[in-house]
Ligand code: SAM
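Below sits a lone chain in structure tokens, taken as the form predicted on its own.
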Amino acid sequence: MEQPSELKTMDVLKKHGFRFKKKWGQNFLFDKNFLRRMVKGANIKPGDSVVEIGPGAGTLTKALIEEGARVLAIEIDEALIPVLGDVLQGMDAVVVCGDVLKMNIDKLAQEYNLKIPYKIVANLPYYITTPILMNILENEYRFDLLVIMVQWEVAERLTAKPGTKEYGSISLAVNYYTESKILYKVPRHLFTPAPDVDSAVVCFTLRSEPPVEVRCKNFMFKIVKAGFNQRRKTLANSLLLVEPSMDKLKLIKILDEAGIDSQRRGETLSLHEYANLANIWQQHSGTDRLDTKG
């Protein structure tokens, strides 16, 4: 049986002739229990400021406001703006239409008088989860807690440990900026329309400082990218792409100095090992000779 809130929201969607769009990855969650669990996972308190990415039909937005949050919701689909206007009428929310990847969240938060630091809560579309997450982290926005709902397999990659099949460059990036954990799984049948896979809610707490000291984080992540781009190759071969002019024997010497076996593969290295390798590499090559932008 549908809950009254679902019936009401669906009525609003029908009123405005809304149709779900695959290109935006629109799968709405109406289940009140899971919405409350997500709000609880974000530790929402009265007076909190929240940036919500992709509010959809506003069900999570309402749950956040009911706990006392002030919400700035960023929605890319123009067709949902009048829907949100009806669903959130009279509530403490501001809805902005646009692509979050083309916006500066900090500037928006300041423009609409949100408290800094703010929290970010989102049910992210599957097709664009990683670009949005990396955009938030790499821009070093002034949030302190990020709680997002993502595809289950993506949640596993975001929180993966070295040596596991899920472990990748995104796992390292997340670990560099935040402490992360999966809170719980969300069954696919709870969404409208139902996706093909289950979801998970993941919590990211922003670190006050990175867990490693590195001379240039961009250069470290360049090494990380090379290490994961060719998983079947040993580090002695895959890392030659970082500095093509470098002799292989010199690279092996750098790896040896870092205490890393050149026959290992990139997916076995921890963040600390990548940071140590990057620092030693730059000592040998000189920062001014290396492309540290990517």
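Sequential numbering from 1, following the sequence displayed. Bear in mind that the values here come from a model prediction, so they are computed numbers and not experimental data.
We do not show the form predicted together with the named molecule, though everything after this point is about it.
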| query | finding |
| --- | --- |
| 24, 98 and 124 all contacting the named molecule in the predicted bound form, non-hydrogen atom within 4.5 Å | yes |
| Residue among 128, 212, 183, 206 with a heavy atom within 4.5 Å of the named molecule in the predicted bound form | 128 |
| Proximity to the named molecule in the predicted bound form, single hit among 76, 160, 200, 105 (heavy atom within 4.5 Å) | 76 |
| 4.5 Å heavy atom contact, residue 227 and the named molecule in the predicted bound form | no |
| Residue 29, heavy atom within 4.5 angstroms of the named molecule in the predicted bound form | yes |
| Heavy atom of residue 147 within 4.5 Å of the named molecule in the predicted bound form | no |
| Non-hydrogen atom contact residue 262 with the named molecule in the predicted bound form at 4.5 angstroms | no |
| Answer range among 246 to 254, 232 to 240, 264 to 272, 51 to 59 for contact with the named molecule, defined in the predicted bound form as heavy atoms within 4.5 Å | 51 to 59 |
| In the predicted bound form: members of 224 to 259 within 4.5 Å of the named molecule, any heavy atom | none |
